[in-house]
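There is one chain below, alone, in structure tokens, taken in the form predicted alone.
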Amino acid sequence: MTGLSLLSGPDPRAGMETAAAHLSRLGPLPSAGTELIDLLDRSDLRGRGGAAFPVGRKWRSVAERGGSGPVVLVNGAEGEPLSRKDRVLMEARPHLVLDGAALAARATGAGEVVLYVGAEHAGAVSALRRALAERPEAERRSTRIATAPARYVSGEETAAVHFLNEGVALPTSLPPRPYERGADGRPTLVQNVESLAHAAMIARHGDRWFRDLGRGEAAGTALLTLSGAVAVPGVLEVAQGSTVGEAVTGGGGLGAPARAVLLGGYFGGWVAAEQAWGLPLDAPALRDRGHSLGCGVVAVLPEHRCGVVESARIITYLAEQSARQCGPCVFGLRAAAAAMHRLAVTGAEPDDLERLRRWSGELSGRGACHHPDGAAGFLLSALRVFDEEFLHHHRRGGCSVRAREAA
């Protein structure tokens, strides 16, 4: 496991880097204040939690609110089942995350920092707690840890704020957005842990250094979680703009012939393997091509696994993990999951495939939050990439992959 920026230095598998080792390697935290926001703007750092929103613009929107004292909410919930990159970062480089949080607090005028970490990520919670004990007293007094419930939607930014306010980690309708009225009604910066760690490195080395780490028009590096048919699954740091094929090679290459790649996690989408290898790992470039980098998941589906069965499993999970606050989740996703299960496992009803095609276009934009949008996007990609397999399941009531294996 090697890195170009965040994971450079000692092997992350060795565990938490202490404050002394961190300071010896990177030097003290710069005394940057609001001017850091201009630096972030020039660096083109974008959020690494999934939305890829410009980090400098996000910090500025909170700093300009001021008012009763902003809050920095450090988002380490990582509810995506295929992602491990935030956990690795928090466990191995907790001081880099805390550096970013401290800088965000200075730049926005925040008086409180909340480390919002998934309750099941025990190693990350422990590392952050030990690292916090090594920080200056003033920082310790203004920082606390809150454990996020183990749900897919817990990391959504309004869900995180809702949890701090009401103890319920479910998304809320917008507006107001967290930067307008968040924790305790105060302007709140919700920022993913990887984004904050990058900000800490940019504060030390500058915007040009960060941009030069990327390839072509892309800036910086990104943490990826490789899984599925790769020789060495795990977390890998790559230059933004590297291709999917280069990332898989960095993970030791393919462990088996590939059928497709799930790019971006459960809120991302499937891409046929032969089309995936040349795609650039850069959020804006992928968006232009109709794909998403999401939270940096690259999961390779091997030839011997059925795309319909795998997609049915994921849609069922997303239906179970929904906020269940409105019709598209309560009725739409549940119906889609039931139809997918029949197609994949028990035998389809005559109209199931046509219904799925229709629902994949009707679910988006109708929910109180973006959960049904993400699920609909994933469903649409499955119907497109595994079109022939869906037809086989629909017409013959079985799986062509199993049929080939039995032949």
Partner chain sequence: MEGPTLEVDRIRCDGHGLCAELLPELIRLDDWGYPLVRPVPVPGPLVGHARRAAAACPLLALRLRQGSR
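Values in this document were obtained by computation on a predicted structure and should not be read as measured data. Residue numbers count along the first chain shown, from 1.
Not on display, but discussed next: the form predicted in complex with the partner chain.
- One residue of G365, G347, G33, P28 in contact with the partner chain, assessed in the predicted bound form (non-hydrogen atom, 4.5 angstroms): If I apply the 4.5 Å criterion carefully, the residue I get is G365.
- Contact assignment for the partner chain in the predicted bound form, among G307, G79, G332, G241, heavy atom within 4.5 Å: Contact residue from the list: G332.
- Task: Classify T225 as contacting or not contacting the partner chain in the predicted bound form by the rule of any non-hydrogen atom within 4.5 angstroms, answering yes or no.
- Result: No, T225 stays farther than 4.5 Å from the partner chain in the predicted bound form.
- Heavy atom to heavy atom, is T172 within 4.5 Å of the partner chain in the predicted bound form? Because a heavy atom of T172 falls inside 4.5 Å of the partner chain in the predicted bound form, the answer is yes.
- Query: Taking heavy atoms and a 4.5 Å cut-off, does F378 contact the partner chain in the predicted bound form?
  - Reply: Close contact is absent here: in the predicted bound form, F378 is far from the partner chain, nothing within 4.5 Å, heavy atoms only.
- Message: Given that the partner chain is not shown alongside this chain, does R358 nevertheless sit within 4.5 Å of it in the predicted bound form, heavy atom to heavy atom?
- Response: Output for R358 is yes: heavy atoms within 4.5 Å of the partner chain.
- Options 282-290, 322-330, 90-98, 133-141; stretch whose heavy atom lies within 4.5 Å of the partner chain in the predicted bound form: That would be stretch 322-330.
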